[in-house]
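Okay, here we've got a single chain as structure tokens, the form predicted on its own, with questions on binding and movement later.
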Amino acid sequence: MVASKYHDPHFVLRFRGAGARGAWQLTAVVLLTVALGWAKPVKIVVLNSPSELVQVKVMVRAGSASDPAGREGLAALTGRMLLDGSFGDPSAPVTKDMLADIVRPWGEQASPSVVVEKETSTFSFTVPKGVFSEYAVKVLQPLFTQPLFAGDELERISKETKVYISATLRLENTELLGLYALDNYIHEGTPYGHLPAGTISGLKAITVEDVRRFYKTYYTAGNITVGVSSGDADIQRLIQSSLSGLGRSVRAKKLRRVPPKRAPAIKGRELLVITQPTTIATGIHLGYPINVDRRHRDYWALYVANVALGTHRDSFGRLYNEIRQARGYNYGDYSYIEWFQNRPFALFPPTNTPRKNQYFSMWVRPAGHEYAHHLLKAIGWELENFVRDGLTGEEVELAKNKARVLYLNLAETSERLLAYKLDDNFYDQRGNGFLDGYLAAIDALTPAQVNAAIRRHLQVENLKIVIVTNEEWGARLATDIAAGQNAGGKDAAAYDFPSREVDDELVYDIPEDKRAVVEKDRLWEAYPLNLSAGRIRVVSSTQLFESARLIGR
């Protein structure tokens, strides 16, 4: 239901006029509103860019971790409904198609988009500075303050999301399936423990009234931070005035807020084998919660340690060099100390997906089914030895240099610079944000600090492991791992070592430069996983994401 104040025809007419006149009226009305104490200003974070394109990011401090029980997917649907569910005057609503027509002259990036993660929902758009006032009147103000949440759009978006979960995620995308399964597995039983997109049963249960209640609860000035890439005071005033009516046009009962909750401690090792009918390769994932985020004193030391161990989509890390470079098993072998959204498709960490609860993880993709057992042992051995031996002074210096190079990518665009400022605000990093302090923090690190952080925060005894493989290999792999057998990796023929016939038998000669590889292969093969049958579950991918429980209803 919509409050009559914002449906006053005089009010609506005022904002139909686009451009400077409409913007001036908008500002004047809202300055009066603020002065009379009717509205609370939103927080604005500024990147002072000289560009004629103004980038804006609106971060709402609520994501899927705020979904009520049984309504998993509500945060994501609310974000999508703001964009697609029509807005403005109910008698003449601006539909998603009309919105597309409005923004088309200003370029593709003027069309607002939203990313919903565990603790945030972030809307983004880019507008030429010369038309910002017109954009504020036609899009920014009515989209955020006069949403209509059309029921037919909720039905459409919900149906699309259920198809994505039940078909794309469960049956087609092996990499995302494994990544999300591990994420849910580690946070099982907490508000983090379901997909940001929701669950099948949650999506079925969500109504338009639920969307209104979520909006009413979380889309408030005190719960929103806006990032803008312009130091122009007029633009900041326009943003402030455009959002001053947040939440007041919608009448709904507020939800009970769900506080974030840490993942439970893991005791020992657990393995979840997920079978996906069509997958042609196996993915291996493991992880456990850590209490380190960007505010922690060990963050930068652990960051450099992780660069040395498994930098994402890079040939620098130890895992990559041992598993791919030296042995040619697969494409990628990485490790992470933070959530890295959308990692199959991103070279560098996406921004505006911050989390207070992080976990360490390793990811091996895509591997031949027959080598999955061996490679699980391999990354266990590598992690255990990494923790025990740490890094040499030379290795730390090389990792620090690599981290400095990565900085150039992370700080490459004004969009990323602005996004990091918003994330700094999320982590309450005042005055010394992620990029602000990055290089100085890296420069100041000593090998002793890096190795101390490794010992304090990395371990291999308590892990949750996810393997995604096909139906033929799933049960067999579980049996082999429980029994500790059939863990061999590549043999001499697979390595294509030189061979000769001796007494009608083929004898392989191990090249001198491969002897160390073969010797380590034997160590990997002998590494004990200590996973009994009682610690291993085998499930079909079709059993996942049905409800807030990872498996089943």
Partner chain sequence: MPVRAQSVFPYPVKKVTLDNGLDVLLVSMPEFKDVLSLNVLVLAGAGNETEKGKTGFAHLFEHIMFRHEFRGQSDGYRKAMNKLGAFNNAWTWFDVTFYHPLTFSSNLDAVTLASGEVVPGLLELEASRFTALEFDEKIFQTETGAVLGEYRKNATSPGLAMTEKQLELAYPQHPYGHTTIGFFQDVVNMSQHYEYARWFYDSYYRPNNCVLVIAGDIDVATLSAKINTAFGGWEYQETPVIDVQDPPQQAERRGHVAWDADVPPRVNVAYLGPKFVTGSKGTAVGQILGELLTSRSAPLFRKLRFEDKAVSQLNLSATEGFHRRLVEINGQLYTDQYAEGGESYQERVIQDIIAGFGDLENFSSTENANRILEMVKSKYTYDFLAQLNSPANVALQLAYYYRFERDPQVIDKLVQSVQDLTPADIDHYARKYFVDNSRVIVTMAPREG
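Positions refer to the first chain, counted from 1. Since the model is a prediction, treat every value here as computed from it, not as a measurement.
Absent from the display: the form predicted together with the partner chain. The rest refers to it.
Asks: Y508: heavy atom within 4.5 Å of the partner chain in the predicted complex?
Replies: No, no contact at 4.5 Å.
Asks: Taking heavy atoms only, is G107 within 4.5 angstroms of the partner chain in the predicted complex?
Replies: It does: once the partner chain is placed as it appears in the predicted complex, G107 has a heavy atom within 4.5 Å of it.
Asks: Report whether the minimum heavy atom distance between R156 and the partner chain in the predicted complex is within 4.5 Å.
Replies: Result yes; R156 sits at the interface with the partner chain in the predicted complex.
Asks: Is there a non-hydrogen atom of R327 within 4.5 angstroms of a non-hydrogen atom of the partner chain in the predicted complex?
Replies: Contact with the partner chain, yes.
Asks: Using a 4.5 Å heavy atom cut-off, indicate which stretch of 239 to 247, 448 to 456, 363 to 371, 198 to 206 touches the partner chain in the predicted complex.
Replies: Careful reading of the contacts points to 363 to 371.
Asks: Going by heavy atom distances of 4.5 angstroms or less, which of A233, A265, A440, V405 would be at the interface with the partner chain in the predicted complex?
Replies: Exactly one listed residue reaches within 4.5 Å, namely V405.
Asks: Which of these residues, A252, L255, L435, L171, gets a heavy atom within 4.5 Å of the partner chain in the predicted complex?
Replies: Comparing distances to the partner chain in the predicted complex, the residue within 4.5 Å is L171.
Asks: Residue by residue through 279 to 315, tell me which have a non-hydrogen atom within 4.5 angstroms of the partner chain in the predicted complex.
Replies: Heavy-atom contacts to the partner chain in the predicted complex: T279, I280, A281, R313, D314, S315.
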